[in-house]
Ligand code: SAH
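Have a look below at one chain only, the form predicted alone, in structure tokens format.
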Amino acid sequence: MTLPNLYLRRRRERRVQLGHPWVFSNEVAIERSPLTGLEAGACVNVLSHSGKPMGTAYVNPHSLICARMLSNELDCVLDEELLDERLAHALALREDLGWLPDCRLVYGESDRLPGLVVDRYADVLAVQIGTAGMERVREEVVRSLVRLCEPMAVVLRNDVASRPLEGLASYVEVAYGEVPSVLTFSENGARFEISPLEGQKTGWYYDHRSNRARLADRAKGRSVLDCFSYVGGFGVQAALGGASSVLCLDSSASALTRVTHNAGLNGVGDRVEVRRGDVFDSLRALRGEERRFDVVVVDPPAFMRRKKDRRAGLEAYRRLNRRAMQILEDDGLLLSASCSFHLGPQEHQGVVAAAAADVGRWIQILERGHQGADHPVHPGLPESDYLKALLVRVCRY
């Protein structure tokens, strides 16, 4: 089968040649290969302006990212055979890690499956499809996952924010089997329950697995404040690690109800307290109450989703870390995290250092955290390397 050709403009092929898997609409030579003549999700051969073969991609003429590379070979088709091969390869990595059955099973471009994310919770798979190309083979994806993983159920959590940018509707749907109202899974020896059809993302954030373990190792005998706690990932594991007390802060009443339940599941309910409210306001209120903590975790949502969010985002990160430090005991520990790709590691460090200067504190960076190995980094796609976590000792001069 010979696919249609997509030609790039002159001198626009270098980034793709170096391994970046995206082609932007302004890089296409539309006079030679009009995007309007291509169907969303269709596969094409990508060629340089001079006609040099660069590989196969699937396209979306309605999106800024108009093509996503699938292979460096021509005439590669995104079909069930290719899905089987690449899903099996992704599964093998997670088996090698020893993290099955509870982990991220597929991480988009990093697993050569652009637009596809799969999280596994024991016998249930939560799938997110973010692109028209992957939506086009939705049924094949489900069939391949069922063959390889033999799950009890597959849930399509296709309510991700990127779908409207691809011209796709948002929905949540059970694609296979019967889904229980509550899922139980394990992380770092702790047990958690989530709702597979509700909650943020696919229901959990596996990317912080190693950072939660790092914090739990240092929590023994210490009081811990978990900001933006969601359902208690950091807080419950800190309590299991021996924290003397844990306070979980979040704006969601349903998430905090789940925190209380998850703490009880792990036998630490007597040491885990919850408090609902805006985290910035709550931190200010805790300072007014003269409460102090030995450890504070700040793991906020992305304050910089786009480049234009930069100025406001930098100020939000600085203000958040400043308020966290104001309620830390002397020589306390701050775990400061950011999932904003547009905030680089050195900038993140600079924000934490600036916050310390604002409140007259001296800091020592003890450890640098990263996303877990089930979220492997694509070397040609900086956007796949997004999570940063600094474990900082905060001292008085």
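Don't overthink the numbering: it's just position in the shown sequence, from 1. Worth saying up front: this structure is predicted, and the values here are computed from it rather than measured.
Below, we turn to the form predicted in complex with this ligand, even though it does not appear here.
Remark: G115 does not count among the residues lining this ligand in the model of the complex, judged by a heavy atom distance of 4.5 Å or less. D270 falls outside the set of residues with a heavy atom inside 4.5 Å of this ligand in the model of the complex. Residue contact check for P301: one or more of its heavy atoms lie within 4.5 Å of this ligand in the model of the complex. Within this chain, V279 lines the site of this ligand in the model of the complex, having a heavy atom no more than 4.5 Å away. S252 is the sole member of N266, N158, Q326, S252 with a non-hydrogen atom within 4.5 Å of this ligand in the model of the complex.
Of the residues given (Y107, Y317, F185, Y205), Y205 alone sits with a heavy atom within 4.5 Å of this ligand in the model of the complex. The candidate stretches are 223-231, 169-177, 78-86, 97-105, and the one lying within 4.5 Å of this ligand in the model of the complex by heavy atoms is 223-231. Heavy atoms closer than or equal to 4.5 Å to this ligand in the model of the complex belong, across 198-223, to the residues Q200, Y205, R212, ordered by sequence position.
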